[in-house]
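Presented as C-alpha cells, the chain that follows is alone, the form predicted on its own.
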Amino acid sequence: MRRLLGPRMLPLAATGLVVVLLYLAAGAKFHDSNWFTYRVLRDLVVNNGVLGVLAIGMTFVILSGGIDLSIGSTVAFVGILSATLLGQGWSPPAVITLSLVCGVALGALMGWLVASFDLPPFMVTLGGMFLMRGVTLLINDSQIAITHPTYLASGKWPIHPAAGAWLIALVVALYLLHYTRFGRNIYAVGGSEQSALLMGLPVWRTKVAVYACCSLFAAFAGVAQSFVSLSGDSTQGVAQEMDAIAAVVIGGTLLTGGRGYVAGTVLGVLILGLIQSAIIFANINSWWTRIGIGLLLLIFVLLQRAIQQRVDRQ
C-alpha cells in the first residue's frame, strides 16, 4: 500500500483519476445522449485502438530515454505497401509478415545509428520519418482500396481488428517490460545510461532493440489500420506520433526515461479518446480536442517535474 501511494505511483494514480472524472463529468453533461452505454465504451476502444498500439510502442522508447518520430509515417507506409501487394495477388499472411519485417528493419537501423554514433534520437527518427513518408509516396501518392476477402470479412470478426491489435500489443508489452531481462534493461538504461554501463548491462543492444520494438509496434498498428480503413493512404499517420507521445506523457511516463508503466499509457490513450468523444457529443469544433490535450499535457509535465524534485530530495 505504501508503494501504491508513493510518489513514483502518483502520476499513474493521477491519470486514472482523470479518466474517471472525465467519464463521469461527460456523463453528467450528456446524460440524455446515451453516454453511459456499451456502444460509447466500444467506440472509445475501437476508435483509439491504432493509437493505443502506437503509444505502447512509444512507451518502450521513452522509457529508455529516447523518442521516435517515425511511427506515423510507418503506419502510412504499411498501409500503402499492403494495399499495393494485395492488389498484385499477395496473400494477407505474406503481406503482414513483410510489413512487420520492414518495421523492425527501420527501427533497428535508427537504433543502430543512435547507439553506435551517439546521435540525438530526435534527429535520427526525424530522418526516419521523412524517409518512410518519401518511400510511401514513391510507391503510390494516392489512396488505394483494399478488396481482399479476408480484409472485407474482418468487420464480422468477434473482436474488432483495432481492439484486438491493442489487446495483443498490451499483453506483449506487459510481458516484455515487467517479466523479462530486456524490460529491466530498458528501465535501467532510461534511469541512468552511465550506471547501466557500469553494471555491465548491454546498453548498445538494448537501444537497438528498443527502436526495433517501437517500429514493430508501429508496423503492427499500420496492419490494424489497413483492416479498419480497408485502404492504403499516403496521408495516413500524419501527426500520430505526437498523439502517441502525448498519451505516454499523460500516462505518467517520464520524458527523461526510467519511470513509467504501460497501464498508464493505456489510460493516457483513453483520456485522449474521452476528450474527443465528449467534443463529438457536444457538437463543437474539433480543434477543442487539441486544446484539451495541450492543457492536460502541460499539467502532467508540471506534475512530473514536481514529483521528480520530490523523489530527488528523498
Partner chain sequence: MAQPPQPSPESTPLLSMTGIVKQFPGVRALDGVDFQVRRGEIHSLMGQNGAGKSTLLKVLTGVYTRDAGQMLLDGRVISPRSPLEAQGEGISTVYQEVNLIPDLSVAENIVLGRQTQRFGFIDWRAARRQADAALARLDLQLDVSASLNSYSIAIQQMVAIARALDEECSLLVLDEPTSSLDQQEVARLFGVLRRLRDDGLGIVFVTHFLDQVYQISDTITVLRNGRLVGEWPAAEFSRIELIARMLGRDPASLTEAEAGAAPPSPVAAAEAARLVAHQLGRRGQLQPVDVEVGAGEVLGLGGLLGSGRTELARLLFGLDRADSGRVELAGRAVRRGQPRSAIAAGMGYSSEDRKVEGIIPELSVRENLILALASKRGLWRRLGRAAQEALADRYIQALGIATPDAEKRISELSGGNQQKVLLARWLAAEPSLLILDEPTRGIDVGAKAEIMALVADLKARGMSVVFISSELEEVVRSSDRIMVLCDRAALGELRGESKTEQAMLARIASAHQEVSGG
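Positions refer to the first chain, counted from 1. Because the structure is a prediction, the values reported are computed rather than measured.
Form predicted together with the partner chain: not shown, discussed below.
Between the options T150, T84, S192, S91, the residue in contact with the partner chain in the predicted bound form by a heavy atom within 4.5 angstroms is S192. Among heavy atoms of A196, some come within 4.5 Å of the partner chain in the predicted bound form. Interface membership of A188, defined by any non-hydrogen atom within 4.5 Å of the partner chain in the predicted bound form, is confirmed.
A residue is said to contact a partner when one of its heavy atoms sits within 4.5 Å of a partner heavy atom; L201 meets this definition for the partner chain in the predicted bound form. Taking the partner chain as positioned in the predicted bound form, the residues of 156-182 that bring a heavy atom within 4.5 Å of it are, in sequence order, Y175, H178, Y179, T180, R181.
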